[in-house]
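One chain is shown next in structure tokens, namely the form predicted on its own.
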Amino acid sequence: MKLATLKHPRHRDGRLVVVSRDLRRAVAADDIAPTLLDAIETWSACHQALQQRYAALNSDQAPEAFDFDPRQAAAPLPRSPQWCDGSAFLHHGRLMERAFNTPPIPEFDTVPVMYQGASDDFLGPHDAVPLPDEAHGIDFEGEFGVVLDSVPMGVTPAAALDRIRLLVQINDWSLRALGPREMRSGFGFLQAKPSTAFAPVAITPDELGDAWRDGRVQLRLHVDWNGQWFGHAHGGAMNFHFGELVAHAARTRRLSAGTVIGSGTVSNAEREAGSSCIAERRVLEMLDQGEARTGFMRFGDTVRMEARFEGTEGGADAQAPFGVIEQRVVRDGSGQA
């Protein structure tokens, strides 16, 4: 099943719609649950009705269906009770230690690393990204994530996988120049992590078929910066699977329905896979060439991210299960008098 949220001029949490498998058509579902958060919070009661509407839409038996325009989509959850982001790709984590010149994190290979971000203002897939200053080191970070039902404290990794209701694709924006100080403070990220963006469609795990396996999204995440290829790292390289990330977050507290857990930047050790963020490429340049040569983003720059099913005989087919994130960075002047 595929679900999305259309923007609404009067309602901050938008309007829930069911989206067809090919992402071309949609039908309203706000009579079943007004918003996606309502649907997640009442999943056992509304899941079957949503699934039936999805089946009707895909068989051209939804008379109220309309063309789905991802540019009218908000983030699937425009806001959520909680957003926690891991660093489950250890190759990326080790490179970031070099980027920030920080000492190795104890037990990094055995205990997940995670920070708690802001969840009150998620960005839609085609929203402009307003930021105050290019000097802050504007960077994109391509990720996958999960949306949870309620999770009990102390859940096991295996049981945690059963609490995953939806999968999402994420661009976790970062301001790299602000990160080192916040990391040294010991209190974690705040200013270095502006609003996170999401692809238009959240999907149930069964939509991926064999590409949802071992608690991981087994797809390549294709990233283009200003129309140029940047990377296509594979999500299956996660060192910790999503059940382990959820269990880590729930070790000492319950998690509310609608909590979103991110994988951290998708990263592969193979150089030919490229990167899913600029900071990683800069570290590789420092290792190879003695200095970073790639700058961070400028106002007016665009980034495009799309996870794809791979074709059976080479190349990628046109099917992108989450849809596309395509955003432009703009100067924010709202704080000026």
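Each residue number is its position in the shown sequence, starting from 1. What you see is a predicted model; the values in this text were computed from it and never measured.
The next section is about a form of this same protein that is not shown, the form predicted together with a further copy of the same chain.
Proximity to a further copy of the same chain in the model of the complex, defined as a heavy atom within 4.5 Å, holds among Leu131, Ile164, Ala237, Leu208 only for Leu131. Checking His91, His241, Arg220, Arg79 for any heavy atom within 4.5 Å of a further copy of the same chain in the model of the complex turns up a single hit: Arg79. Using a 4.5 Å cutoff between non-hydrogen atoms, Arg328 does not count as a contact of a further copy of the same chain in the model of the complex. Contact between Gly215 and a further copy of the same chain in the model of the complex is not found at the 4.5 Å heavy atom cutoff.
In the model of the complex, no heavy atom of Arg176 sits within 4.5 Å of a further copy of the same chain.
Looking at Gly227, you'd find every heavy atom of it more than 4.5 angstroms from a further copy of the same chain in the model of the complex. Stretch 248-256 is the answer when you ask which of 198-206, 248-256, 69-77, 227-235 has residues with heavy atoms within 4.5 Å of a further copy of the same chain in the model of the complex. Contacts to a further copy of the same chain in the model of the complex (heavy atom within 4.5 Å) from stretch 189-209: Phe189, Leu190, Gln191, Lys193, Pro194.
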